[in-house]
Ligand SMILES: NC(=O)c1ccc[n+]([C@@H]2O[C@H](COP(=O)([O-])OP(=O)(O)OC[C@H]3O[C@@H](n4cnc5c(N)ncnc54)[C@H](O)[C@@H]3O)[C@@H](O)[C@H]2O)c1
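Only one chain is included here, represented as structure tokens and corresponding to the form predicted alone.
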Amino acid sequence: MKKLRVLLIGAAFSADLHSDAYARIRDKVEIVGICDKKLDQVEALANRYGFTGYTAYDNYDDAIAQCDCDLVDICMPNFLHHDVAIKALNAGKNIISEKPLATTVEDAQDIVDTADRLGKHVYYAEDWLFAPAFRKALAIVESGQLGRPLYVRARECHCGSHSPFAQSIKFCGGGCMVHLGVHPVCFMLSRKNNQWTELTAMTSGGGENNMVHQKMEGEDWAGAFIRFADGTYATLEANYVTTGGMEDILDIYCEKGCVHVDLSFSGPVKTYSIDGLDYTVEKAEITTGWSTPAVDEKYNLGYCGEINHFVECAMADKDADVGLRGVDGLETLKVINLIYKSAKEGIHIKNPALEG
């Protein structure tokens, strides 16, 4: 079987998550190029996952123009997603884009429109949709044994990003809602085929109005209440004020029961350490005392299933599932921007696409 040739643009945090997934499907994938302005970071990533035979690039223009690949995987800071995506699409490549699709709705729309015009595919990397625990919860709900779903509460929270790009709205697109809340927003929109009807939101406001991160331009807390066309409701939250490690929480309330998932802290391993461990879970500030070390964290967060799905779709030259397409990344960003509008102006917003 011919392998899919992948060019990785970026060799830092998100590239590591994707590389772990590629390394598990070597029968389907060949990493033919890795690009990062820090070539030592390229080498470190390749050595970590045993990638060989690739070409290293320190400039993404050169990489896109020169690398003989089928798929470009964009693992760059948010503000570069649009530029890299447009150049890769114009070079005739399908792309994977990390979240958010872009920092502005206009740039996200341009990516989707360019792909449509050129007949290429945009795969939007929403790992929540492949987290095994979340998929199990959805399977239970879809079995009908809990009755009709009524209300969903979902959140992603941690103590705050230390990336310099996350501190600026220009570079990130917002605060915690666009950086973390992008997951619960996209997750819910995918479950409802993007058919939301109305929303109301609040945020901490950013800057000196923030609860903790007062040097960050974007908000460090955000919450939204959303109603969907089928009559169900959801509360979606993101914050940078949660200590103790990453929280990925999903609660689904139905007519005859409920299901609760704690993606980050529910695990079979319990450890007590006086001196502390090297690592327990993402964003944990300390590892002393009692802790629950993650077991195969990247797999359980959904990255492996997500990347495998994209590879199989690219090999078959077809779109990804709902929630994982460029248009879904665009709709997610539109909703997040309306969440910001609702919070800033103190207004209730109805979906203009479904009015009338």
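In this text, residue numbers run from 1 along the sequence as written. Just so it is clear, the structure is predicted and the values come from calculations on it, not from any experiment.
What comes next is about the form predicted in complex with the ligand, which is not displayed.
Figure note: of the listed segments 88-96, 145-153, 269-277, 175-183, the one touching the ligand in the predicted complex, with heavy atoms no more than 4.5 Å away, is 175-183. A heavy atom within 4.5 Å of the ligand in the predicted complex is found for one listed residue only; from 117, 136, 256, 162, this is 162.
The contact residue chosen from 80, 212, 169, 261 relative to the ligand in the predicted complex is 80, the criterion being a non-hydrogen atom within 4.5 angstroms. Three-residue candidate spot 17, 38 and 100; every residue lies within 4.5 angstroms of the ligand in the predicted complex by at least one non-hydrogen atom. In the predicted complex, no heavy atom of residue 51 sits within 4.5 Å of the ligand. The ligand in the predicted complex comes within 4.5 Å of no heavy atom belonging to residue 310. By the criterion of a heavy atom within 4.5 Å, residue 127 is counted among the residues contacting the ligand in the predicted complex.
Within this chain, residue 75 lines the site of the ligand in the predicted complex, having a heavy atom no more than 4.5 Å away. Applying a 4.5 Å heavy atom cutoff to the ligand in the predicted complex picks out no residue from 102-122.
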